[in-house]
Structures are given as C-alpha cells and as structure tokens.
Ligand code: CP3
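One chain comes next, on its own, written out as structure tokens in the form predicted on its own.
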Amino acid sequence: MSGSKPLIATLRGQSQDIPPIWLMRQAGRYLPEYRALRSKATSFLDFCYNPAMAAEVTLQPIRRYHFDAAILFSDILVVPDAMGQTVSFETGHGPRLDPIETPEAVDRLNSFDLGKLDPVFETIDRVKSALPADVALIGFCGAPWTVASYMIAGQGTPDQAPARLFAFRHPQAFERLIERLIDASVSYLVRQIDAGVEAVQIFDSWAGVLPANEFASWSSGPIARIVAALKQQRPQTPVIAFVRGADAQLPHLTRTLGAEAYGLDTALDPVWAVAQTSPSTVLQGNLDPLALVAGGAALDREIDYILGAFAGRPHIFNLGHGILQQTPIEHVERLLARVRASRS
C-alpha cells in the first residue's frame, strides 16, 4: 500500500508534479472539532493516552482536508513521563515537569517504561484501520536535546539556558541523560513502526540556540545515532529530521544525519536550501505559519515562491513550524487548493 502514497514516494526520492502536503500540528486547536473533543478530557496527557480520542483527533484533519499524511497525535513529553518524571500541562502555560536540577536527579529517573506508552500504540492501530489508502501515517519523537531542555528546566524557556548551564556544570550527568534519551527514542520509534507508522519525524525544536561544539554534541550527534539505529533495526522506514534554527548547518546535516528528508524552518530561504543541497535530497517545508494566518495575496505569494524554489526535486510541502491556533480554516483550504493546482 505504501507504494501508492505520495508522501512515501517522495521520501523514497521521487520528484512529483504536485508535492505531497501535510502540516505540523495539523490536528489541533485551530479546528472546532478538536476543541469540542478536547473539552471532554480531564487533562492533556489523559487526552494523549486515550486511544479513542487520540485516534479521532489524528483523523480529523484527514477527513476535513485529505492531507497526504496523518501525524500521530501525542506529545514529545510522553518519553520523560515514561521515565517517571512528573509531567503535566497547564492551560495557557504549556508543559510543567519536576525540574532536574542536580546530577543525582538524573540518576533517580526510572528505566524507560515502554509499556506505559501502550495507549499510543493502540492509537496507531486505530488510525491505520481508518486511513484512506493513499494517506501515510507519520510517527514521531522529540530529539534528545529538546526533550532534555524541558526535563531540566521543568518548562519551556526562551533560550534553554537551564539545560545549557546544566551541561556546562555537570557534563557527565548531562551526557548520561542524553544517552538515556537516545535509547528511549530508538525503542519508542521502533515500537511505533511495528504498530504501523510508515515514516517517523524527529523534532529538535530548540537546536538553534546551540553553538557549534554543543550542537554537534547534543543535537546532531544524538539525532545521527537515533537514525543509524533505526536504519539497522527498521531500514524500510523513512526518517524526517526537523532541526529547527540550525539553518547554516543544513548542508552538513544532509551529509551526516542519514535521514531521508530534512524539514526546513520558517527563517530558511528555500532557494538557498536548494542551492546548498544535493538535487536528490528530499526537503520539507517551509511556509511561514503567519502567512497562513494572513491569507489572501500574501499567502498566495509565499506558496508560489516555495513551489517555484523546489520545482523539479523531491519536496514535501509543509510549514516552517506548527500551525497557529488563530489560523482560519478557509486559509488552509486555500493553501491545499493552490498547492494541488500548481502543476495542473
């Protein structure tokens, strides 16, 4: 079945007249059907761990728009939750975790309990049985650096200073944490693949704050190890690496990470990305989510610029970051219509 799916064909290096399209956070708060279902869950984690609800939310944007891929509805912080760290989500404030402030706190984490994530794998099974035949299913995890930054700070921070300071002050303990996250991420992604996802994306949302030495140690190095392990254990499954904010590193990343595709963030000029990478490299992105909010001529202009930049090479149309809550549904419909009419 995967051979007839536009996303999988592109991830295998095929350039297509109409690029496949999906959007990061396509299942989310901008959809009224999402908000209606979310109101019935007692907490966000309960929402993620309820297979019936999570499957329904994963499928909602496919029913509404027929994107070329569904992405599993979950959260990157289920991994620390499965390591025994207390994780919660406060409305309007995002995730809250018990912060890791000492090396001893790293060592007090539990072994990664993959069984705790059985509801996620049941969600995958439910989604697979309901997807249209031409729609792929993407699984995901957070990259070790991004997950570690939340685990140490106990919340999102603008510059990830708590994690960077911890790495400077306690390098051995930080390395132990990264090692544990590498192992957990591989186990988690392999289990997602075995449950039925056809591609996986690794999100390193906070890589852009790291200087060169730290970037190699804590971002690109761990991602490369995860990709290598997946290629050894589940070589048939394509990997998308989204290393946000590391624009100047893109040429190096495409030569060293070993992924099938590379997500581009909003700030990266697609013309530059095309010029700096092999014509066979699959690139994904990178419409500004604010252009999608704005709509109209501005949206059309940005869509056309991206389509023109990637013409003739394998490309997955996506945003440069997640879709915003205030995005009008009709603007998403306009985006899809314009992309899918681009080569007609």
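Just count from 1 along the sequence shown to find any residue number. All values derive from a computational prediction rather than experimental measurement.
From this point on, the text means the form predicted together with ligand CP3, which you will not see here.
- Though ligand CP3 is absent from this view, in the model of the complex it lies within 4.5 Å of a heavy atom of just one residue from 106, 261, 72, 184, which is 72.
- Between the options 29, 301, 40, 63, the residue in contact with ligand CP3 in the model of the complex by a heavy atom within 4.5 angstroms is 29.
- Residue contact check for residue 332: none of its heavy atoms lie within 4.5 Å of ligand CP3 in the model of the complex.
- Residue 173 falls outside the set of residues with a heavy atom inside 4.5 Å of ligand CP3 in the model of the complex.
- Not displayed here, ligand CP3 is approached by residue 89 to within 4.5 Å at the level of heavy atoms in the model of the complex.
- Using a 4.5 Å cutoff between non-hydrogen atoms, residue 77 counts as a contact of ligand CP3 in the model of the complex.
- Of the candidate stretches 248-256, 216-224, 92-100, 115-123, only 92-100 contains residues with a heavy atom within 4.5 Å of ligand CP3 in the model of the complex.
- Taking a 4.5 Å heavy atom cutoff to ligand CP3 in the model of the complex, the one contacting residue in 42-63 is 44.
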